[in-house]
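Only one chain is shown below, in structure tokens, and it's the form predicted on its own.
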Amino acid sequence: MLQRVVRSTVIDAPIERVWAVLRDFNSHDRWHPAVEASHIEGGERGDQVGCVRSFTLKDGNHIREQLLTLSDRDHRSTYCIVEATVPLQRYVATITLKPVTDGQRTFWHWESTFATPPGREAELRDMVAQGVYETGFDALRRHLRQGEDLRPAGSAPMPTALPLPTRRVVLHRYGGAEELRAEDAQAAAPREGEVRIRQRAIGVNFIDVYLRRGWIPQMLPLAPEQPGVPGMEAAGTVLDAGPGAGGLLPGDRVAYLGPVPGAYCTVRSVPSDWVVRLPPAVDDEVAAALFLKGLTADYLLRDLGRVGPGTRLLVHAAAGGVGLLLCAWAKHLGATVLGTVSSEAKARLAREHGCDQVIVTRDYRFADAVQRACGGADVVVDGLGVAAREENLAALARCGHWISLGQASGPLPPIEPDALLAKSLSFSRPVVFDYVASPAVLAQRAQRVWAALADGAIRVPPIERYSLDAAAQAHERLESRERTGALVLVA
């Protein structure tokens, strides 16, 4: 005869925060006191339906469980026991979350059915009800409240958080990709207003190349005793938080972008003002591939380009990470989108992402084609640099705006005012960090990126993955002009 155990409770946290922990099928060894250690078999993700977690209990028992269903819409998951030293037969459990009316609390329903050996029904029902469910409810409450002093008055003070081991990629001198070296180090505990993050994926961007080459030495100064660590963005999970960390808690899945390099590592403490929570539907690698690039596309189209129906937009490197997002989003906004690429294969990809006309060129000649196609561009987004200077001026329509976003072919020399005068052109050289200078603006822009992804205005670009230790190869690939889409380091 099947036994049925049902327990419910209310957790004093928003449903998104509770679900962020429970949707990770391998999170329970971080919060449930009965679990000694756990891992997902086969290297699969902890939110992959069909994955199997293998874990050991504190009492020495061993269990393998499989994730059967996972619904971010319904906040529900179902799992079963595949193999166990505990005699729970045909065990199937379901977790369901629902928001409480005030929106700041969560109703958690946990139930299971299983068979038992004769005579052990009551014992095993109590074990599941008390030792698993009710103990789990209390443990998750403590986990979500970590950082507050929950002990009775007069008890010993909480221990100070300690540094944690981290793997990082360092630069001892400026130069080529071969100067990037991986080493072991320590990640400092979070200070006031900071969170410490276990990073799963790290975005690779051209600004990292410029830092490595020494083109922006004030941003990444090097000293013999203090090597530089590149990287401006990453995604992962909060490990712990200092006081005043903006409500971020252990277990929160997050992405961040900051003006101080240092993201090429496995564990890092950063200001909470740089950080946003991730929606359940956006995994870490997608976040690392999209965050900086998506925020950049948002301010270029919305703030600088004012792109809308009828805008003639020219995007250089249209098959790159930012280029693909710009093409797709601008097309969604009603613009006429032109792009330059260096190969026919890249041209096909750019067209798939909304580029109306693609110009294939390896010698930075494109102005005549732009003028023939649309009479000149209202907005040019340029990451090419010095080699495209004269062609950009020639490709612009009257009153057009040239946005210089990068310098892949070399630093752009100063633009003389008279070069802009002939067609009443304007020129800007923006930096993304000034467009996300407050947590509120960062969160607003991030939400627009996730919404654009959800409604199909943009698509996840092709992602090339490299291990953290292979950062040098990732840089070589980025500089090769052969790649498309985004590059991510997997930590």
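Position 1 is the first residue in the sequence shown; the rest follow in order. Treat the numbers as computed from the prediction; the structure is a model and nothing was measured.
Quick note: we don't show the form predicted together with a small molecule, though the next part is all about it.
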(request) Would you mind picking the one in Gln89, Thr94, Ser342, Thr135 that has a heavy atom within 4.5 Å of the small molecule in the model of the complex? (result) Ser342
(message) Just to confirm, with a 4.5 Å cut-off on non-hydrogen atoms, which of Tyr79, Tyr364, Trp110, Phe114 contacts the small molecule in the model of the complex?
(response) Tyr364
(message) Within 4.5 Å of the small molecule in the model of the complex - does that hold for a heavy atom of every one of Thr296, Val322 and Ser409?
(response) yes
(request) Evaluate Leu478 for contact with the small molecule in the model of the complex, applying a 4.5 angstroms cut-off between non-hydrogen atoms, and reply yes or no. (result) yes
(message) Although the partner isn't part of this model, could you tell me whether Leu442 comes within 4.5 Å of the small molecule in the model of the complex, counting any heavy atom of the residue?
(response) no
(message) So in the model of the complex, is the small molecule close enough to Arg483 to count as touching (4.5 Å, heavy atoms)?
(response) yes
(message) Is Lys346 part of the interface with the small molecule in the model of the complex - any heavy atom within 4.5 Å?
(response) yes
(request) Choose from 271-279, 220-228, 184-192, 376-384 the stretch whose residues reach within 4.5 Å of the small molecule in the model of the complex, heavy atoms counted. (result) 376-384
